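There is one chain below, alone, in structure tokens, taken in the form predicted alone.
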């Protein structure tokens, strides 16, 4: 991460906005989609919010700016039971959002033929703590963007014809923090995470925002038998976050929505990135690049490490 703040060129976002509006209008006119999930301006100046439009007239409300932080993939899983099967759904996706869709397709939650993907060449979005209308810089950019390797989504049905301008070099903030934690003793690491988990109020905002938390009843909500204590106490908090991290291992797309919405500022994506690092080192596997029926933790191959077998 540079010591001094440097601006990030987002001038192409106006061109992208014009392109997605034009494509959305075309899609509705040609009756290729029944709805499009995208972004629109919110009440506060410079802010954005998710929106679902169903006709060409509403296409002019679509935008893409540095404030478009939400992973829209969650709207395809949380409401899929209520969505009538009338036709294709269009959805605007950044690279990290596309990874989530790829994972959901691999888990048979979505079908590629049911979707029209509008890919966004993305130079980055604002961190959640930054006030809207703030200029995107190496200081105000979301941490997830510092390690992004999919600024240009591939395999989409439509991508605006723009060229991303070269940006400043940025080091992964998560990698730096993971390295710091790995240098600690096991007791020190355990103390760090106990302190973080103790802040949890069990609001489950992390679960609600995650595209991969699509179960109709969460295991952690069951009380006959009770798997995880539901009250915000240390034992239950720790169990909840460890269970959730393991559940996302090999699946998490790195969108960092869980960390963004956490009211207690628990570094949830740091834990997810640590799990992703382990999966890469142990199985040479990264989530979100290919549609796979099974991840490395749900299947066995002869190449897997068997040193634990005595």
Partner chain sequence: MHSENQKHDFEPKIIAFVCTWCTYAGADLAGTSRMQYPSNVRVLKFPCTGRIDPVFILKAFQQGADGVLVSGCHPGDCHYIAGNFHARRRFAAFRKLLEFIGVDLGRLAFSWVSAAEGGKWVEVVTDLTEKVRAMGPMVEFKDLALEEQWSGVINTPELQEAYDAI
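Predicted model, so just to flag it, every value in this text is computed and none were measured. Positions refer to the first chain, counted from 1.
FYI, the form predicted together with its partner chain isn't displayed, but the following is about it.
*Asks:* Looking at 135-143, 154-162, 94-102, 224-232, which one sits within 4.5 Å of its partner chain in the predicted complex if you count heavy atoms only?
*Replies:* Of the options given, it is 224-232.
*Asks:* Does its partner chain come within 4.5 Å of a heavy atom in each of 60, 127 and 170 in the predicted complex?
*Replies:* Not one of the three qualifies.
*Asks:* 271, 256, 36, 68: which sits within 4.5 Å of its partner chain in the predicted complex by any heavy atom?
*Replies:* Comparing distances to its partner chain in the predicted complex, the residue within 4.5 Å is 271.
*Asks:* Considering 123, 148, 89, 200, which brings a non-hydrogen atom within 4.5 Å of its partner chain in the predicted complex?
*Replies:* Here the answer is residue option 200.
*Asks:* Consider residue 306 of the chain shown here, and say whether it contacts its partner chain in the predicted complex, taking contact as heavy atoms within 4.5 Å.
*Replies:* Residue 306: contacts its partner chain in the predicted complex.
*Asks:* Quick one: does residue 194 come within 4.5 Å of its partner chain in the predicted complex, counting heavy atoms only?
*Replies:* Within the cut-off, so yes.
*Asks:* Considering only heavy atoms, tell me if residue 12 and its partner chain come within 4.5 Å of each other in the predicted complex.
*Replies:* Looking in the predicted complex, residue contacts with its partner chain do not include residue 12, since no heavy atom lies within 4.5 Å.
*Asks:* Whether residue 242 contacts its partner chain in the predicted complex should be assessed with a 4.5 Å heavy atom distance threshold; does it?
*Replies:* Residue 242: contacts its partner chain in the predicted complex.
*Asks:* Given a 4.5 Å distance limit between heavy atoms, list every residue of 262-285 close to its partner chain in the predicted complex, or none if there are none.
*Replies:* The stretch 262-285, when checked against its partner chain in the predicted complex, contributes 270, 271, 274, 275, 278, 279, 282, 283 at the 4.5 Å heavy-atom cut-off.
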